[in-house]
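Quick setup: the structure tokens below cover two forms of a single protein chain, split into structure 1 and structure 2.
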Structure 1
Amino acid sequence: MQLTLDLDSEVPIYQQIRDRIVEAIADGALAAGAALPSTRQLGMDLAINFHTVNKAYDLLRRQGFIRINRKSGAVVRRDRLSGPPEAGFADEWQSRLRTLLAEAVAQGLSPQEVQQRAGSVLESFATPKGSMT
């Protein structure tokens, strides 16, 4: 679970943890069913408070990325990468996509380069990564 975060970033730590784990899921580094470290363990590894990790996990759970049981701990949901997304997700997501793409276009990136970069990222998700069972 090599997970790097930037303590000087304006992005909250719990948000960074969430983002890195979501990327690891899309990546294939965290396969469906894979177990996440315990909040106390990950807090130790990252040298941060375990409540901050707990907040990130709770966010991932509320957004449907993981399941948390008292037994098995935090586990990547099995019915995610296969089935369709939650209702209403796609629309809300696309509006955020619109904002992000607008930023690049308004900064002078050509639509062609934007599309190419998006394709490059998606390609990096498609190529399977080493999973951590």
Structure 2
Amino acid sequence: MQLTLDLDSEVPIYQQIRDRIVEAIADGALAAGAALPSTRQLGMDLAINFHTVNKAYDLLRRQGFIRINRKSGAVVRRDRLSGPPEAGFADEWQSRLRTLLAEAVAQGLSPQEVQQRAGSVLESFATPKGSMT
């Protein structure tokens, strides 16, 4: 799996890993049932400590995106075709969305620009991108 991380970013590396995997699921590059690399392998591939990858995987597990077991490792649990989200997801997501939109408005983006940018991002998820390698 190829992930692009910004090691100079203020966003923690584990959060960047989590975000790239969620984006790959939304893009269709990772489907339900797809295996993820082991934490040690991904850590070696990215030249980072495997504990950082473990933290990202644990976050993805708690959020319901992956399941982890000793035998099969980390596997994508649900994707864009898995049906409606679990109960409570939409309310939790809307709370996070509110904060994200507040950041944009507080930085001076107009509501129209926020809507245009959000629409552009949503459109980018409309067409599956193919398998992530």
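In this text, the rigid core denotes the largest set of C-alpha atoms whose superposition between the two forms falls within 1.5 Å. Here, residue number means position along structure 1's sequence, counting from 1. Not measured: the values here are computed from a predicted model.
> Just one question: which structure is the form predicted in complex with another copy of the chain?
Replying inline: Only structure 1 matches the form predicted in complex with another copy of the chain.
>> Using the rigid core as the reference frame, would you say Ala47 shifts its C-alpha by 2 Å or more between structures 1 and 2?
In response: It does not, since the Ala47 C-alpha is displaced less than 2 Å between structures 1 and 2 after the core fit.
>> Superposing on the rigid core, is the Cα displacement of Ala26 between structures 1 and 2 2 Å or more?
In response: Superposed on the core, Ala26 moves its C-alpha less than 2 Å between structures 1 and 2.
> Upon rigid core superposition, what is the positional shift of the Cα of Gln107 between structures 1 and 2, expressed in Å to one decimal?
Replying inline: Once the two forms are fitted on their core, the shift reads 2.9 Å.
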